[in-house]
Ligand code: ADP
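Shown next as structure tokens: one chain only, the form predicted on its own.
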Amino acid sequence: MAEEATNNDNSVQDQWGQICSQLKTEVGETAFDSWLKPLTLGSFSDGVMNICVPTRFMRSWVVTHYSDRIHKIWEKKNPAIKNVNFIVQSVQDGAHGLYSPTDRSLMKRVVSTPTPQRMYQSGINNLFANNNESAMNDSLSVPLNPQYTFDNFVVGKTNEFAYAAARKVAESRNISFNPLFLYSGVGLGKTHLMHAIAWHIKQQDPSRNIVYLSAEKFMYKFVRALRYKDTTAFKEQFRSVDVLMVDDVQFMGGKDTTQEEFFYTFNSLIEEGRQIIISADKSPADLEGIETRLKSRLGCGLVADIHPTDFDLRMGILNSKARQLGIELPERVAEFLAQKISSNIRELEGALRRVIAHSQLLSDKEITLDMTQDVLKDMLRSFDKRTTIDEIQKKVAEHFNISVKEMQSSRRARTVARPRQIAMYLAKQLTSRSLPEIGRKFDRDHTTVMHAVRKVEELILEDASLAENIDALRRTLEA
């Protein structure tokens, strides 16, 4: 009888090997390695074949996408198998059934070998031990700024729609808009709204599983998972959250592998009815280096933009910030700052802090218009004489005897490409514009601008003549 049982076990193992080969051909190597290769055989009794799955998330995915096919194939190969059952039990836990005590002992010794991959997997397993969701969130999310709440967000005509959408998503226990996509230029409040949503959800329902992180951190986590060959744990982390918030998604531009993983994560969460909130510096349709199918997904919910601030909103922000800091700000000073500093909220708040610090450090000197003008004279001078990217393009084009239109074209000839790189370099040096903003002026993405800046920096060190030309251009633009 013992010999017959052993033969049956061997037969089932052979059948499983054949099934795996067939599934690999049907679903492709990538899907097979991610979802089916980690499966192991468990016990077989009363017509029920148990298959061991390492994690709960993987079990859910396999049952949804592959269980029917596995059952049909196996039923044809072995009519004795009436049902296939998937159980969460990894080899590390001691999968029983077809493995002998000697086999299990050997496997445990091998698994305990402290390779970098297993050290990483051990950390992931610890996060999921006892369903420790808060530990998982802490490992994924970036810290939230306690100042970035709805109470501290000043609403005006230019941001009221985005504010209303963010508030609705934060307050609703049901999915309102999915995804919610917020976009704006630098320093206009989209990150503030993202943090405010997260704070509100946490306060309203602490049990909800929230992950807030930048696109760069998502990429870092994914590359790390690829490096240690453990994308399964990565998928489980991100696809088991209730609310996923990704800031500055434009930085995924050109990262095709990361975009593909984000696309599948996005689809999985949407199908499960989980909330997704995204921010970027452009609308989904205008994102550069992003695949068309991902752009389509990002724009399928509610898209809300934040426009540049107007005078009334800047006045409201100044007065609100002054109240938070316990300072009485004279109206003339507030009007002066709101009039002069119109680029973004960060620069406006920075100017206010500078004035307040000067007042407090000089024995609570009274804040006056004259004092404000004196303290900020260098900053105000730069605003009055601020060089624009349009001016830079015009001057550089004239210097190299080409047209601005040629500079913005797709031509790669050196006579056009080199002036374009120099103009990008000067735009980075002489303006406060972000890399994506500079790139838009040249019909390029931010990575092209980064490359141009590095290239020109190298050329300045190598070519004295070119360095003199660039310096002359700089002096002309700053004059």
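Everything numeric here is computed off the predicted structure, so don't read it as measured data. Residue numbers run from 1 along the displayed sequence.
What follows is about the form predicted together with this ligand, which we do not show.
- Only one segment in the set 290 to 298, 223 to 231, 181 to 189, 77 to 85 has residues whose heavy atoms sit within 4.5 Å of this ligand in the model of the complex; it is 181 to 189.
- Relative to this ligand in the model of the complex, residues W199, L244 and I277 are all farther than 4.5 Å at every heavy atom.
- In the model of the complex, this ligand sits beyond 4.5 Å of every heavy atom of Y264.
- In the model of the complex, E349 approaches this ligand with a heavy atom inside 4.5 Å.
- Interface membership of S214, defined by any non-hydrogen atom within 4.5 Å of this ligand in the model of the complex, is ruled out.
- In the model of the complex, this ligand lies farther than 4.5 Å from every heavy atom of F400.
- A heavy atom within 4.5 Å of this ligand in the model of the complex is found for exactly one of N152, T388, T368, Q408: N152.
- Exactly one listed residue, out of V333, V303, L376, I345, brings a non-hydrogen atom to within 4.5 Å of this ligand in the model of the complex: I345.
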